Every structure is written in C-alpha cells, then in structure tokens.
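One chain comes next, on its own, written as structure tokens: the form predicted alone.
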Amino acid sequence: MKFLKFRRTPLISQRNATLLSVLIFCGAVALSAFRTTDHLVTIHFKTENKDSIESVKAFMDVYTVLMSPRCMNCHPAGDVPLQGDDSHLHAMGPKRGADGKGVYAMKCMNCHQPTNTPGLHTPPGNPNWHLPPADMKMVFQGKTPHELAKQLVDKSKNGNKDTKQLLEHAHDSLVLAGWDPGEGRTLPPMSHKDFVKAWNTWIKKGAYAPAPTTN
C-alpha cells in the first residue's frame, strides 16, 4: 500500500507570504486615503472661496458708488444723459444714439474733450466719453441692489463681459473719470481704491445679489 507524501511548506515562507499580503493591503489603504484627502481639500477650497454674506456686504458698498451722480448720470433710464449732483436731465437734451456717442451733429465729444475743461461746472472730459450703446443700455437709474447686481453679471446685459472682464472694468479710464469729475462736482462716496476692493470682493466671493426688496 502506497502512502501519499505531502510536502510541508516551510513555516518561514508562510510567514513571508502573510506579511507581504498585509503590506500590500496597508499600501492600498494608504493610497486610497491620500486620494480622498486631495479630493476633499479641493472641494473645501472652492466652497470656502464663496461667501454670500461677505459678497452681498461688499456689493452694498459698490451700490453706493454706482448710484452716485458720477456713475448714474451716464447710466440713465432714458436716452438723455443726466448731469449735476442732483442728476437732472442734461441741458440741450443730447440723445444716446446707437453707439452711445450722440446723434447727428450733437455728439458727446463736441463738448466733452479728452480732458476736463478748466473752470467751475464746465464739461468733464475723457478720450472715450459716451453712454452705453442703445442695444446694451446698462441702466443704473431706479435699480434696486438686487436688480443691479443681477444685471451686472448677466452677459446678455453687461456687454458680454465675463468675470475676468468685469474685474478689469473697474480700472477702465471712463470709470476712473468718476474720481476726477472737474471743479464743482462731488466725488463718489468712497475712494477708487476702496471701490476696487469692494468690487473684487463682491465678484470673487460669488457675485451674490442682495435679497429682493419687498413692499
């Protein structure tokens, strides 16, 4: 009668195999943990960068500037620009025109030269003086904070500007002219530096609109 002979695996080999399995398992768990952590950090960063409270608070500062005569006078509800600290209709009744630069012989640049005209209450100047064009009026006059914030980030109403272009627009030469309006005119309620800070905070924190007002 023949007996089957079983070859015994050396104990040290079994231990090595077990140890190797444990190491592979631990390595897989560690790699999985690193991947998960990276993912969570990215999401956490993006979420943390948006802050509706801070964004809305910044916009309310922006709103005070946009509704000041230095900004609103060139963003009227109608096609006649406004003038003066009381934002009355412009003398001589110039019209917006298709390109925002006037109509026929009554062009904005006829009176608004590249620089401010010397003297009290004389026409302020800028090389590109104009109103928004007829197909993109960008009305500020009469807008609530909610309405204006929504309009400013709507590409169909803001001149097709994306976030980057909106940030850059705060440094546009015609925007800057609001802080150099000529003799006899009040300045916006905050410095241009502070305005840019509030403008950037509003946009970078999510460009949230204040809640609609209720009657």
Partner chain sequence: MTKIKLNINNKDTVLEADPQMPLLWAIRDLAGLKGTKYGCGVAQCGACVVHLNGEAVRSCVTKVSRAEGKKVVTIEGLSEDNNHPVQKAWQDLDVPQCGYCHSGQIMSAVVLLREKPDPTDQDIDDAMAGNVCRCGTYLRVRKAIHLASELQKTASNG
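Please read these numbers as outputs of a predicted model, since none were measured by experiment. Residue numbers count along the first chain shown, from 1.
Keep in mind that the form predicted together with the partner chain is missing from the display, and what follows is about it.
Exercise. Among 71-79, 128-136, 105-113, 141-149, which stretch has residues whose heavy atoms lie within 4.5 Å of the partner chain in the predicted complex?
Worked result: The contacting stretch is 105-113.
Exercise. Three residues, Ser173, Leu176 and Pro189; all within 4.5 Å of the partner chain in the predicted complex via heavy atoms?
Worked result: No, the whole trio is out of contact, none within 4.5 Å by any heavy atom.
Problem set entry | 4.5 angstroms heavy atom contact with the partner chain in the predicted complex for His88 | His88 lies outside the contact set for the partner chain.
For this session: State yes or no: in the predicted complex, is some non-hydrogen atom of Pro123 no more than 4.5 angstroms from a non-hydrogen atom of the partner chain?
Result: Pro123: contacts the partner chain in the predicted complex.
For this session: Enumerate the residues of 68-97 that have a non-hydrogen atom within 4.5 Å of the partner chain in the predicted complex, in sequence order, or give none.
Result: Stretch hits, in order: Met92, Lys95.
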